[in-house]
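Shown next as structure tokens: one chain only, the form predicted alone.
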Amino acid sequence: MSENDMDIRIVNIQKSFGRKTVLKDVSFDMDLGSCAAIVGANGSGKSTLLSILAGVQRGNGSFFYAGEDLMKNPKKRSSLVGYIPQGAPLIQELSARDNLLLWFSPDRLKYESEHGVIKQFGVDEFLKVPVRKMSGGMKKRLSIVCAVANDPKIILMDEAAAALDLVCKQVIRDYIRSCKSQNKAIILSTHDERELALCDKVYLLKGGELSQFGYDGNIDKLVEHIK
């Protein structure tokens, strides 16, 4: 298969910490307009894989988009990829609005607050609130909006809905649906059943190796394979 057969191809991603190999030639592919889930036990390497694809950590391998290896072109990767880590990388002393102004122009912030992603995530309701006074759900919604400020074609989501309330979880699922309808690609690590139901492919990461899993909605079966 050539690099152009699929919109996105991850090829032979490798990562070791000292003598411990965390990722062993991890490879998979997907199309734009689809969602792929990475599942695995805690410590299996899911966050490491996503952070390598995002360029936060170094790793060996290739990350092809439309035939071009983004691992060799950091500038293009930053324009195409949005990364939502588990934590909320926000400036605690600043308000939501001031954090957003690090990513959005004032005019675009106004537009997105009325019609776009800022309103979609409900961040327009707490623009004046300092990060240090926000709930976990508010911080997560704000961090997601910051991560997708450049309207990326590929979104990497690391347990985005973990520990959030039902309303926030629903907002994230609605966002995944809208991304798919806009011909974007989402790669997420999750164990949320409703998020898994939105995924076109599910991959199991175990012992450093990735394999496609035929998820049919049976969460008990998936858990048995994760163990």
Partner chain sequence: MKRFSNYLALQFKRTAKTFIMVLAVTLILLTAAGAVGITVAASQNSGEFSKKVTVGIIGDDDDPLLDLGFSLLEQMESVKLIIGFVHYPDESSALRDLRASKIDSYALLPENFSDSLISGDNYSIHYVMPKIGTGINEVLTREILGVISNYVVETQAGVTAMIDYAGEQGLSSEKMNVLNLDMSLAYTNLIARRDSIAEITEIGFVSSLSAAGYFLSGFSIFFLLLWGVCSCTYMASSNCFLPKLLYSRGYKSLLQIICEYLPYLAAAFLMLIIVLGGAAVISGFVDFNIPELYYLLPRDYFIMAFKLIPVLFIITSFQFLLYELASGIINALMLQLIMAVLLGYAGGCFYPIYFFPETVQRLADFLPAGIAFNYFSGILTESLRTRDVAFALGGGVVFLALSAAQRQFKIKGREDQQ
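Positions refer to the first chain, counted from 1. These numbers come from a predicted model, not from an experiment.
The following text describes the form predicted in complex with the partner chain, which does not appear among the structures shown.
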Notebook entry, point to check: Is there a heavy atom of residue 98 no more than 4.5 Å from a heavy atom of the partner chain in the model of the complex?
Noted result: yes
Margin query: Within 4.5 Å, heavy atoms only: does residue 27 come near the partner chain in the model of the complex?
Written below: no
Margin query: If we define contact as a non-hydrogen atom of the residue within 4.5 angstroms of the partner, is residue 126 a contact of the partner chain in the model of the complex?
Written below: no
Margin query: Taking any heavy atom pair closer than or equal to 4.5 Å as contact, tell me whether residue 56 reaches the partner chain in the model of the complex.
Written below: yes
Note to self: Quick check for you: of 56-64, 185-193, 34-42, 165-173, which stretch puts a non-hydrogen atom within 4.5 Å of the partner chain in the model of the complex?
What the structure shows: 56-64
Next item on the list: Name the residue from 155, 71, 134, 149 that puts a heavy atom within 4.5 Å of the partner chain in the model of the complex.
Entry: 149
